[in-house]
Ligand SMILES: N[C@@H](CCC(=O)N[C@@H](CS)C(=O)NCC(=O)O)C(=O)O
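Given next, in structure tokens, is a single chain: the form predicted on its own.
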């Protein structure tokens, strides 16, 4: 474990932040959630020093790690590993289908953010090409994942506690219910997967909500 304080700058309403928070819990890495007070802020300091004004950022002492997937790698390094990894990362998998699936999860998460910021927050027209194409791409990614997620999960190394694919897929599906952008009814396998993953202690400890004061993620 790192002797330096570990802080996660993000929001409890963010699916990217939740990916990192769940992985921290799964690995048993104590991590303080520092709530970004205003996502309209243009001050990098509010985002833990992220120059692109994004969440999440992991602060380990004076060091900074940007992006959910990189943060998960850093958390795994802090936790230490012997033998099989407890949390399977992308580099632990050697299968085209699994790599493509993870790419589609990240794409769908980013597309949902674009739709929420552009259509919901900014009140821009949803039929504008950028948003119409984004929504179509999000639905396409979800349909593909609904058809292939079970097969992808079978390809993941065993034994494991969980994987970044499973964590991020869960965070995506639950966020689509928390922040509706496209309906989930057409994707029964994804809904069933999310309902099963939601029973994990790490998922129960990190529900989506709108932050008031900062909170702490503890194993």
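Residue numbers count along the first chain shown, from 1. Remember, predicted model here, so these are calculated numbers, not experimental data.
What comes next is about the form predicted in complex with this ligand, which is not displayed.
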Taking 115, 131 and 180 as a possible spot, do all three reach this ligand in the predicted bound form with a heavy atom inside 4.5 Å? no
If we test each of 167, 173, 68, 31 for a heavy atom within 4.5 Å of this ligand in the predicted bound form, the one that passes is 68
Since only the chain is shown here, I'm wondering whether residue 16 would be in contact with this ligand in the predicted bound form (any heavy atom pair within 4.5 Å). yes
Can residue 39 be called a contact residue for this ligand in the predicted bound form at 4.5 Å between heavy atoms? yes
Closest heavy atom of residue 152 to this ligand in the predicted bound form, within 4.5 Å or not? no
Would residue 194 show up as a contact with this ligand in the predicted bound form if we use heavy atoms at 4.5 Å? no
Choose one stretch from 155-163, 55-63, 186-194, 23-31: the one whose residues place a heavy atom within 4.5 angstroms of this ligand in the predicted bound form. 55-63
Near this ligand in the predicted bound form, with a heavy atom at 4.5 Å or closer, the residues from 163-181 are none
